[in-house]
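Provided below as structure tokens are two forms of one protein chain, presented individually as structure 1 and structure 2.
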Structure 1
């Protein structure tokens, strides 16, 4: 129900900001705020809700109504000023033309920039790596041999060329996870290591509001002496609150990953629905944001580090999902929607 109100707000704001005349603005006002407008139609669902849901729904609806009314007033004032300026101005054909709009950063790019800055304050370096990866770095260096069952959960895109085959079949893939950069980086560095690697990954997922087959992740890892699991928890708590606000709620749950021991899953209380349950969080009230854990000794051995001397932690933020939660978007697919009315809101 709340999702429906948020969708009405987003649609109305996009249309209001794109109006060119006061007549168009009035039509939009009637369409969304009129007696038979979309907002009033949505309000007719109030009797079907529980008292608790009704209070939250009514409060949200009133807030959205105020936002839309204010947006209409501001846009009407803007249009009137534009018309006055047009009447006052005389045309001078020698005046240089108005330069075209060059756009602005995509919300993913903005969020990556912000995240890199937060991690730099903690002493991390940012790295980059290839999207076309080898099976070794993507799996085997991470303690995932070819017969490991966890490979079945990462439906991999293979890039073998049957006509010009220079590699063993099955060795060249589109990376399924940014964790493959752990080995690439640690092979070239000596401890202590603090690195983050943002990038796009590819694997088959059932596409829905919170999943896609092409999405962004941000891998991070730290290797040093005497690193503890509590260091990982403190880092994630600090970074996520710096990005999403101090009022977010986090929780951790134990899980299994071949490249960490012990392993944890990190959950954020859903910012789309406020924890009451929606399609984005699968009605659980919580959204899984990243796997993490202490780096497995085998991974350290694979890159030449002695696990008796060094240890560390790693995490892999589901970055597309993080951005969706940051901006309280109800569907991850909006991030790849080419409609500029969506992108221009950021």
Structure 2
């Protein structure tokens, strides 16, 4: 009798192990462990046995039932895993992706957004102003009188007002620098001042790889009761590292703009050649990136601030230069070229 039970067990185990699907496994379970399964049928012989045999038989049958149940559970999880693997294998991971149809932002937008964000951290707000500007705001309010030699570096586009000659010719121009916004903003407010102004400027220049007649700049200025040259150095350092990475190397030099005193120029070690010298940095190893300085007392006076009480600094970032430096673009003109083969890279 016991032999019969063992036979059932062996048959069941071999069948369980050979199943390929959970459905097959369920069939086997019903066949052996179901209400009218083989084990139960065998148990029906129980009353025919002697009490001693009965006890042994019952115990064995229970053991076998437990063994088979365990075998079925094991087989079930094995099959599940197999199926999982099968599903995975059915994906060819080398299939090329299909990108979502999301467009690209122009690199100058990205640079402006990043920069506005960095300055926001320092408490600056962004302003916007006219590109069609007067000679007063663009030059004279900035301590640059007519026929000042420094105007040479900012060759100007004049605008035509032939139909209504109400203004002095040459009085209205396309702004050559964002600095004109210093006076426009400050004459309408009181210190403390922390302002940045991104925008497009125009210069009458023949176009080449590093010069355009339209390009993008950011002017920034800060006025308060006690502003130090070291604050300017710290701000330039913080901002450029936030924009271009902690590892950049900077150096400062003296320069002259009529609207700052002392004047500061900021150079960054060439990101392309690392300072050895290449065509990108005109072999100097350094690129001029952020002219700045302490605001000239005359400029403060022009906007109605008392230079004995207030002082401050101003700076300028050339976005076109910043972007070309950041992405190692050899030609400024790439930035006004609407070719998607360029824009899709950003």
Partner chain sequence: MLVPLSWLKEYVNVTLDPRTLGDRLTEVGLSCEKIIKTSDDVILELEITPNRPDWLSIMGVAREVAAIENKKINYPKLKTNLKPKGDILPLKIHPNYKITPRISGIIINNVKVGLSPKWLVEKLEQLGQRSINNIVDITNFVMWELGNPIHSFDYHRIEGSEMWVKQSAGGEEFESVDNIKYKLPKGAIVYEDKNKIFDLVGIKGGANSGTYDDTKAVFIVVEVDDPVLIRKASQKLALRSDASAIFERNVNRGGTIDALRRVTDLILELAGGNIASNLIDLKEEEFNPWKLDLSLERLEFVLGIKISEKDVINILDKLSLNPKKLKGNIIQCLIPTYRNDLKIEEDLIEEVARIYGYNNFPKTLPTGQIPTDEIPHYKDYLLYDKAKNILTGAGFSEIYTYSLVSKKDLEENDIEIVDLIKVTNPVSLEFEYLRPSLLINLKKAYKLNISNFKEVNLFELGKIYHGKTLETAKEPYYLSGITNSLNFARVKGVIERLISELGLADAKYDISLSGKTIIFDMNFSDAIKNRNTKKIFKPISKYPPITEDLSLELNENVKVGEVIEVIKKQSNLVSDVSLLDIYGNTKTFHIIYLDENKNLTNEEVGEIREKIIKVLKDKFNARIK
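Positions refer to the first chain, counted from 1. What we label the rigid core is the largest C-alpha set whose atoms superpose within 1.5 Å from one form to the other. Note that the structure is a prediction, hence the values are computed from the model and not measured.
The form predicted in complex with its partner chain appears here as structure 2. A displacement of 2 angstroms or greater separates the C-alpha positions of residue 52 between structures 1 and 2, with the rigid core held in common. The Cα shift for residue 296 between structures 1 and 2, taken after rigid core superposition, is smaller than 2 angstroms. Superposition on the rigid core between structures 1 and 2 places the CA atom of residue 28 2 Å or more away from its counterpart.
Here the rigid core is superposed, and residue 102 then shows its C-alpha moved by 6.0 angstrom between structures 1 and 2.
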